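Presented as structure tokens, the chain that follows is alone, the form predicted alone.
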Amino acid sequence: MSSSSHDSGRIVILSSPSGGGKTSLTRNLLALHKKDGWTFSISVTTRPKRPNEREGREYYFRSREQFAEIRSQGRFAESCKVHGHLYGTPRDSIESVCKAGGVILLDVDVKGAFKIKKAFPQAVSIFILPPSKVELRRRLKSRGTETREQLGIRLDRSLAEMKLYKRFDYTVINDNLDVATKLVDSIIHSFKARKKSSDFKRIDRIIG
């Protein structure tokens, strides 16, 4: 879908538990539709900028006071606190892309997805699942960024979030990134505000 389309814009919520692969999928979709002008919703955060990050690319970095001011003005579609830092999804970027008839991708956690869906009911929500609990654990462990205790907490949270998949419009099992990317791409193009039946039996085996 081109940004010059006369159709109303499309809001695409991509969510998953940690290790589900939503960030990799988002990157793939943006690369696939670079010429179509698909955009990514850049969040505002109070956490410090890392050496490899750039203002306005990964995040908009703001102080807690600035964040509170933006929130008080109702300029966030959703906001949350994660590991002591605040994160918010700007409302204006979503609305401007919609008015222009474009496509905007939002890479958010499960709670954020529900809040955005409430604010923008016309959005399509897609939940990305890992192919198994074993693979989820492997992906989380391979990051090497957490202690065993932290890993356990994150894994427990991920497993709890996986059980909420029926609250999303679509569920995609990410056992092959390229295949999952093509499937999500087709969902975005075909979505008509109705739920598609999922492979519930396979999903129940994964999370059961």
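What you see is a predicted model; the values in this text were computed from it and never measured. Residues carry their position along the shown sequence, with the first being 1.
The same protein has a further form, the form predicted together with a small molecule, not shown here; the description that follows concerns it.
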Discussion item. Which is the contacting stretch out of 104 to 112, 91 to 99, 119 to 127, 134 to 142, given heavy atoms within 4.5 Å of the small molecule in the predicted bound form?
Written reply: 104 to 112
Worksheet entry | the small molecule contact at Lys166 in the predicted bound form, heavy atom, 4.5 Å | no
Discussion item. Residue-level contact is defined here as any heavy atom of the residue lying within 4.5 Å of the small molecule in the predicted bound form; does Tyr170 satisfy this criterion?
Written reply: no
Worksheet item: Should Tyr59 be classed as touching the small molecule in the predicted bound form when contacts are defined as heavy atoms within 4.5 Å?
Response: yes
Item to complete: Mark Arg154 yes when one of its heavy atoms lies within 4.5 Å of a heavy atom of the small molecule in the predicted bound form, and no otherwise.
Response: yes
Worksheet item: With the partner absent here, would Leu29, His33 and Phe191 each sit within 4.5 Å of the small molecule in the predicted bound form, counting heavy atoms only?
Response: no
